[in-house]
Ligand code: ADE
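Encoded as C-alpha cells, the following chain is the form predicted on its own, with no partner shown.
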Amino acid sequence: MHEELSALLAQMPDEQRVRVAGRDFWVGHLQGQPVVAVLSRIGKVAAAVTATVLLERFGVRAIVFAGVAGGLAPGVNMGDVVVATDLLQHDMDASPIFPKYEVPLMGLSRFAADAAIGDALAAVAEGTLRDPAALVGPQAVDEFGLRAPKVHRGLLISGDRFVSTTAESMALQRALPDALAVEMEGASMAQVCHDYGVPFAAMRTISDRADDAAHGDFSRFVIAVASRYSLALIGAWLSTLPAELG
C-alpha cells in the first residue's frame, strides 16, 4: 500500500526514482543496505510483473514482500504477523488435467519461501512486537485491540479476490486447513522467484479475519499499524545483515 511505501521512503536518505512498466522503483539505501522499494500493485499478475522487473532490470539478490493479509487459521488475529514458509494460489485450478492448486507444467502447488530470511524476519518480529504500544502508540493499541500480537510461521495463500465474507473464509479453511492467512499477491511473486532461483520471503500483518467484518477501517489500520510494522520489521531485519552486503 502507498502508506507502507511512504514510511520506507521517509527513511531512505538517497532514494532515486526509476520508472519502468508504469511503476516507480525507488533505488537507494535503508539501514545502510542497497535496496529497491516498490509497490507490488494489487493482484497476482501485477505483482508478478513487479517481481520480474526487480529481477531483470535491477538484478536484486532477494525479494522481501511486506503488506497486509486476512487471518484464516484460529488464533491468527488482527495485529499478528505471519511469516510465510510456503505460498500457494488458492484459485489455481486446471483440473482434471492437473491436480487442483498445482501450477500447470511445474508439478508444484506450494512454493517454499527462503528459510534463512524467514527465520530472521520472525526473530526480529518476535522482539519488536513485545511492546506494541512503543511501535504504534497506545491509541492504536486501544483502537485495534493489539494487546499481545503474535508471530506465526506457515502457509500463506493468494488469489485474485478480496476474501471478505465468513462463508468464503470458512470454505478456504476447509479446503486448506493449514493456511494461516490469505492475500492477493505473494504466491505469484514466489513463483517468479522460484523460476529465477532468487530467494523470496513474505511477511504479512493481519488486518482482519477475512470474514464479514473485513470491511472495517482498513485504510486507518494500514496507516496506524501496518505501515509502522513494515518499517520497523524490515529495518530491524536489514540492520542484522553484514555490512559487506552493501
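Note that residue numbering begins at 1 and tracks the sequence as displayed. Only a predicted model underlies this, so the values are computations on that prediction, with no experimental measurement involved.
Not on display, but discussed next: the form predicted in complex with the ligand.
Quiz item: Using a 4.5 Å cut on heavy atoms, which of Val38, Val53, Val192, Met184 is close to the ligand in the predicted bound form?
Solution: Filtering the options by heavy-atom distance leaves Met184.
Exercise. Counting non-hydrogen atoms within 4.5 angstroms of the ligand in the predicted bound form, say which of Ala47, Ala201, Ala210, Leu180 makes the cut.
Key: Contact check passes for Ala210.
Exercise. Can you check 110-118, 96-104, 154-162, 74-82 and let me know which stretch has heavy atoms within 4.5 Å of the ligand in the predicted bound form?
Key: That would be 154-162.
Self-check item: Partner contact for Val68 in the predicted bound form: the ligand, 4.5 angstroms, heavy atom
Solution: Val68: contacts the ligand in the predicted bound form.
Quiz item: Does the ligand get within 4.5 angstroms of any non-hydrogen atom of Phe218 in the predicted bound form?
Solution: Because a heavy atom of Phe218 falls inside 4.5 Å of the ligand in the predicted bound form, the answer is yes.
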